[in-house]
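For this one, two forms of the same chain are given in structure tokens, first as structure 1 and then as structure 2.
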Structure 1
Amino acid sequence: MNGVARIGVPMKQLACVVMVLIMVLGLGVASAPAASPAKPKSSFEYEDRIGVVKIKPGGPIHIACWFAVAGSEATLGIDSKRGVEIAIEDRGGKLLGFPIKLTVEDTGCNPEGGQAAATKIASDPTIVAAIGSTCSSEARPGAPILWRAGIVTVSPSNTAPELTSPKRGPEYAGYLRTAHNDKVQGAVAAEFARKKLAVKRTATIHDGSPYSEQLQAVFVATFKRLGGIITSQEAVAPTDTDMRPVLTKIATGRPEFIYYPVFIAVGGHITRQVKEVAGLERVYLMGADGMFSPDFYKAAGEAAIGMFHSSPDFSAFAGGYRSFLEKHQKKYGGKPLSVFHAHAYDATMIIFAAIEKVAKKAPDGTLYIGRQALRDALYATKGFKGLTGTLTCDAYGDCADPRIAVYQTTADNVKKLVMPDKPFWKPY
């Protein structure tokens, strides 16, 4: 075979490929005008300090979620995701006549996952706004990345105080949340124990998660300030199942009250096993909203009767919440998995409301949404009637209606697997 022929064959094939390529490109260009109309000729103008999302007629309004939907904290994230999905369904999947497109990125409840998911969202210029994150540790690196891209994010379940503290820094300017701040909840629990139950000796347990550790720290500080004694501050791992040894240790301090703001699995184990440890048969038990869910009754069984929970005031969860639960049952075949579904619903709804407020339609039907304007509109949310109460956002993005009440579980609650709906005690 000679050299010319050897080179010749590929050349022919190459020509074929080039031809095809040109054809495809031609097709693309030919139909491009249909997909991308030329610049609007009218005098329509829309300005925004950071940027504008333009949505062509028929194109979707793209919302992204960054939730922990895989891994150990998946129930929290999936719960929130369902809240968002129901909110979109309630709007008929449409906003201002444009279809809503939802993308969910997994964060895995760790900072590196939060950073990656946020970067992915930030790199997609079609995304109008984000909902998330699930865990506070994800929001710390993630929220600044989103805001650098001009994307505002509303978290349904971050409770760490520093995310909305005045010291948080300008890089968090695009961050809001509908979840309540840990500072409020931990203090309510301590006041309840000291003022209402008048207990003096208390032990606490946390599970090493930032949420749990923070809550018990706030509790301990407030409780000591009110003149109480902390007999011991214990910690377990979220994967632990045998709590009897640590409870036996707690029993040696003879506490009257045990506060354990942990999640459902660990909470269930502690609640059940407290009764099995000598010396702790009569203590008061109290948890927080991380396990205020019907699933907790499954986990704890009858041992949960009589125990206390701090949680958002459900009397504010008006009639809308009941129909939400019905939709949830129909769509997912069960009750909500965790506590922040309603907060996620509200987060979605305040974003929709803000979009409706700032979006402008050009004469050719293109929708313009200003990013700074959207952020400002969200921060200006005031008196919004949501499922979790009346939402008003403050200057640092705390939008929750932080009315935390204390609930007591009755035998009937456990039997029917429904949460108590009347607060046992309110601090206000």
Structure 2
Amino acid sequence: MNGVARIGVPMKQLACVVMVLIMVLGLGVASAPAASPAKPKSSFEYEDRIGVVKIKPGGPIHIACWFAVAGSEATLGIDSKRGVEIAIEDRGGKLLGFPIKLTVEDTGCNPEGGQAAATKIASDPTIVAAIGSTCSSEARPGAPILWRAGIVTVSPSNTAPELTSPKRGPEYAGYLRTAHNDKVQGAVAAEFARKKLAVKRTATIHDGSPYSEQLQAVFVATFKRLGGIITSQEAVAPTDTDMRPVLTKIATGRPEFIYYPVFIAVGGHITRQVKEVAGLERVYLMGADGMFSPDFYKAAGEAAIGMFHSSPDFSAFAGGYRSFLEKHQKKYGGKPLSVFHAHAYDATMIIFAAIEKVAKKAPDGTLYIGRQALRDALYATKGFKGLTGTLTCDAYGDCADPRIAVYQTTADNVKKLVMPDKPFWKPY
């Protein structure tokens, strides 16, 4: 050999190796192709744990009501619906520059109607929030249906204690109310009977609904605590018309007072028939807000003269209530039909305030509203100045500033079909 070392690598392979080294080391002959630039992220993001309602420019903010607007208890729901309508008008029919759309579903003041109305509302993904229901019996099945769809609801007239009880269950986590809790109303009624009228012996009647049964239960517990005697606790069905058998049974206990927090139809039958039963001719009679309506006077007639009702204290409402009544008179040609119109107004207004807190508008004008965010904003309501008082929501959805008074029916009330507006007695 000549003393020259030979490497056993073909020239073509050597050239390839050199080129790879040049590329890796970036020595300049050939450079690796540049990576594609990352796409810029959108400048607008809105996330919510359970869902987002998107409203295009010009589209409506859709609110639903589920109220009893037909049948024997229609005045309760119509009264609340009017409160919602006036609230919308007071906002100029718009929120955040978007028109407000209102849908109303009838509930019938019974569980079946509440379930049907809630199911229909839950099937519409455009609905942002709901106001309702009218009766507690509707809310029991209906509120969980709405919350499974991510729709929060605020009731102006449900008062059954179970709906905001710590034991109510997570399926009611999207439920609130501006109505009082009947833990308050039942206690006030009992204090009135025991302290103001000084009666010692009382009987009660309920219709099996959550509202009626739980309200009389609070009354009974408070009356006993105050040293009174409960002579009888009776139940009737919402469809019953002949109350004489129950009233005859009650008469054997010789009560001085009968508390029957039922609805209009049943309340009318009891009131008309009670004085026909021997031993009950001089007994005091008292109902509650479920039949505090001119329609009750139509059902009961002159037999209602002199009886009492527990109900919200209208004289304790905020200054804006007088203006509300003027608007109501102008718009509907008369006074409110029942007792929860102002509570419905307040329910609507706290929903609007919560939407304004959580809604965000994208650069293209689309409005985004988070369902969980809206629910949380409603529960965070504190010190809200409403018609019914200052509203602050607790951890279980009770938002009311509860003021309950007792009213007495006069002959003029029955003749003119107008509920008394000045309290006969109040505990404060």
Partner chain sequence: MRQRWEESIKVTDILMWLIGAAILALIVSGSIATLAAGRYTSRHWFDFIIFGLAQGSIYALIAMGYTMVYGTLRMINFAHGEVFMSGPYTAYFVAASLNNSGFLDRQPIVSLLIVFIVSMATSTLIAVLLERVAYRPLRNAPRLVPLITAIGASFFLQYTFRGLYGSGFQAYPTVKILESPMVIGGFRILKFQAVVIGAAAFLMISLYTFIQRTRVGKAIRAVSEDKEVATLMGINIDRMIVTTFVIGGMAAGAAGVLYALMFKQVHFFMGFVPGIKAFTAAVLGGIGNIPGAMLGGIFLGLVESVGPSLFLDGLGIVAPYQLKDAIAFTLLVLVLIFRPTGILGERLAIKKA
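Here, a residue number simply tells you its place in the sequence of structure 1, counted from 1. Bear in mind that the values here come from a model prediction, so they are computed numbers and not experimental data. Each form is matched to the other, and the largest set of C-alpha atoms that superpose within 1.5 Å is called the rigid core.
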Between structures 1 and 2, the form predicted alone is number 2
Post core alignment: residue 259 C-alpha displaced by 2 Å or more between structure 1 and structure 2
yes
After superposition on the rigid core, does the Cα atom of residue 90 shift by at least 2 Å between structure 1 and structure 2?
no
Could you check, with the core superposed, whether the Cα atom of residue 208 shifts 2 Å or more between structure 1 and structure 2?
yes
After superposing on the rigid core, the Cα of residue 404 moves between structure 1 and structure 2 by an amount in angstrom of 2.9
